[in-house]
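A single chain, nothing else alongside it, follows as structure tokens in the form predicted on its own.
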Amino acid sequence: MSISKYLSDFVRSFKITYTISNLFNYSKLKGNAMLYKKYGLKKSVISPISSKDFKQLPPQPQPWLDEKSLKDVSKAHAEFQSFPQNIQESIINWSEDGYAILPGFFAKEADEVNRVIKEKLKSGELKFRYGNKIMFALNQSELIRRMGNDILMTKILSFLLGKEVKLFQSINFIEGSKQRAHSDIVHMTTYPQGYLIAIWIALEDIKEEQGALFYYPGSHKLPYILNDEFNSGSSYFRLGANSYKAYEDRIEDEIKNKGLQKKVLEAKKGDVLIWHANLLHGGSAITKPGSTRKSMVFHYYADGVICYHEITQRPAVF
């Protein structure tokens, strides 16, 4: 590890670093004051925030399809009936599975997205972060921003959550993530719980050997694993040095203990996977050297909920 990387990680391990960052982003965070008041959270909008802060607050309802089965309500639900037949068939098992696959939904746009990403990486407008991720390309491309706000897609996502959704971020991949199994709620946490939803888009045909996405059907029904459920190593002043690895280890234990069955998504270009905030998923090992796994992820929060990052205890900045 380089000295600069060591120093950067050292500084970022102190919670005060994020508080200072929050102060600089105060204009983007001040709207949280209204949400904090709504839910009875007595805290400054620039302070660290985690699930521990909500333990004494009254229980809040979860997304409606966590408490009901879409199969049971679909025939009498006007909004569900308004969707095209292929969409109805794709999402009908949402409550039981925690995911839905929409074949070819963005097939027409995939090649153009790849061209845009390639050009903007070459020009330096976009760069890789956190190893192999291209973050927030939606801020550099009208096409990607338009896809993220697609009217039919956001209507589907809002229906599944029972609240209007707002686009938070995009992540693009050239190669497979090789990421261990995890739930997105540890990165993009909400109060009330469960009001995050995400989509993954195949930007080329993808086989398992390319590092295909994998997921565990039904795992969204497991209890939410947050900071209290694993040894994060964090203290009042600092974040644990290996907190995320400890979280991933905890998830692996959960998968083994529950006997969860993994599915691998071998996708066609343009296919979309929608997944529940708590669905366990990750990236397969790349067994074909030099292969790509061009893909794009959009994350959405429901409107009117508190949004933050559980491990680093940062409020989300839009």
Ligand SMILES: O=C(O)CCC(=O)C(=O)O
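Note that the coordinates shown come from a computational prediction; the quantities given were computed from them, not determined experimentally. For every residue, the number given is its place in the sequence shown, counted from 1.
Just so you know, the form predicted together with the ligand exists too; it's not on screen, but the next bit is about it.
Contact with the ligand in the predicted complex, defined as any heavy atom within 4.5 Å, is confined among 170 to 178, 105 to 113, 138 to 146, 224 to 232 to 170 to 178. The putative spot formed by 161, 195 and 300 is not touched by the ligand in the predicted complex; no residue has a non-hydrogen atom within 4.5 angstroms of it. Mapping the unseen interface onto this chain, residue 200 counts among the residues with a heavy atom inside 4.5 Å of the ligand in the predicted complex. Within 4.5 Å of some heavy atom of the ligand in the predicted complex lies at least one heavy atom of residue 282. In the predicted complex, residue 213 approaches the ligand with a heavy atom inside 4.5 Å. At least one heavy atom of residue 184 is located within 4.5 Å of the ligand in the predicted complex.
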